[in-house]
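The chain below stands alone and is given as structure tokens, in the form predicted on its own.
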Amino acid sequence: MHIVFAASECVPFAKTGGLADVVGALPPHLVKLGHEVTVYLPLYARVRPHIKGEWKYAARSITIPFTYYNRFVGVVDGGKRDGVQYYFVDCPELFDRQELYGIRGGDYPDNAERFGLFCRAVLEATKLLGVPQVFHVHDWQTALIPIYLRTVYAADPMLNHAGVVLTIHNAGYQGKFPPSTTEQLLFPWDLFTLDKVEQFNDFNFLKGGLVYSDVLTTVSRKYAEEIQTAEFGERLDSVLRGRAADLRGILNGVDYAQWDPATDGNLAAHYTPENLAGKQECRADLLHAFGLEKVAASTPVIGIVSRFATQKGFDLVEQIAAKLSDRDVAVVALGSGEPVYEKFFRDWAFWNKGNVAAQIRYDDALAHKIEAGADMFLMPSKYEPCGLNQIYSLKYGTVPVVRATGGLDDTIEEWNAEQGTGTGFKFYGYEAADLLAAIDRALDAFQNKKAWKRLMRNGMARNYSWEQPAREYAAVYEEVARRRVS
């Protein structure tokens, strides 16, 4: 089967979050299952260095119409990697920018035009380069593809049998634009209704994609349930409940070629479940990197690697910071994001220089060092569609302390000291006291070194590779293809 992925980011070309990891990792596993996979991406400025040698155009000029003008795009052949064909949509005036979605403090004002053009360019390009049985589109940036297919392109004999799977990586980001977007992107005005793309007088890209796609997926079983509720559905819960029969929760996998303490080139020492000695060297290296060399060997180290945002639960961390500082614990944090939380981490570190340290940036090598060198990893998210760091932590024997939401709930099992089962510590209510109680349970468990090693090894034994999710996605594609030909 031929599957076309259309996405706004993909490792190693362009990344702002977990979407890029999924689009980078899933296609090669589908190829291993015997499928043909093509990935389309915008040709951002940061993509250009990845195109080696002279550019080869698979399509020189594709016309994309707008209300009063046309734009002309090329499709650059990115070649094959791990059996996956990559194409890049080249429109310099819209994509040749340093950032993907906007500059700090706001989105680009022409994002509707940018991603509307990208979606239509993908459809036109496939008519030249190969129409798939199934389009797999991701988040709001490519959610117009199913809308175009079932409206503007509904009578196109080359495209009208293609199915669409839409994956929701985070329902909080929807692509909301003014009503005039309908006309700008050449959609019929009867599309701008409550049962289609209109929501609170906005043209909502994601909502339209939910309505017109054949099957919807999201990135964990629990999140598929949560987004059908008012608390987590971001005001799309009624639409998602209406599509419940077509909604699947498929847990993201991780790339263990990049995240394995036995082979990770970023670490001071390697270690395995059978020989954990190297983890102590990694801990010493981590504390040195953060200037906390004086932390005692008996003091547990809590690691944080995150975007600093309210969604990630840092309002709860701020509420318990003083009490946590009174305990025998060290904290290292890496990340950036909302200014209020960047300031919180700076202040917390300033007033607790011996036990708290923060670096306000992202550094991939340092993220690996935290996963390996910390004893515990903190993820108190308000909501978390899937989460990857808790899965990395399991592999590195770094015990997760998480809120039981989305993929965090699916992947972490509460530690039971009597039975020796479980992989971490969870709390349920979104309250500071609940978070502190979960951390205290972890700190108590840390005192029993034999039991703690059992807990570490439990996590390291879990397997969250892409093999099983790839098979689940392949089954979804086959279901969609059957629907379209029947």
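Residues carry their position along the shown sequence, with the first being 1. Quick caveat, the model's predicted, so the values are computed rather than measured.
Same protein, other form: the form predicted together with a small molecule, not shown, and the subject of what follows.
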Answer option from Thr151, Gln311, Thr272, Asn352, heavy atom within 4.5 Å of the small molecule in the predicted complex
Gln311
Identify which of Cys386, Ile227, Val197, Val122 has a heavy atom within 4.5 Å of the small molecule in the predicted complex; exactly one of them does.
Cys386
Can you pick the stretch from 107 to 115, 394 to 402, 377 to 385, 88 to 96 whose heavy atoms fall within 4.5 Å of the small molecule in the predicted complex?
377 to 385
Contact flag, Arg307 vs the small molecule in the predicted complex, heavy atom cut 4.5 Å
yes
Arg283 near the small molecule in the predicted complex, any heavy atom under 4.5 Å?
no
Answer yes if any heavy atom of Cys10 is within 4.5 Å of a heavy atom of the small molecule in the predicted complex; otherwise answer no.
no
The small molecule contact at Lys222 in the predicted complex, heavy atom, 4.5 Å:
no
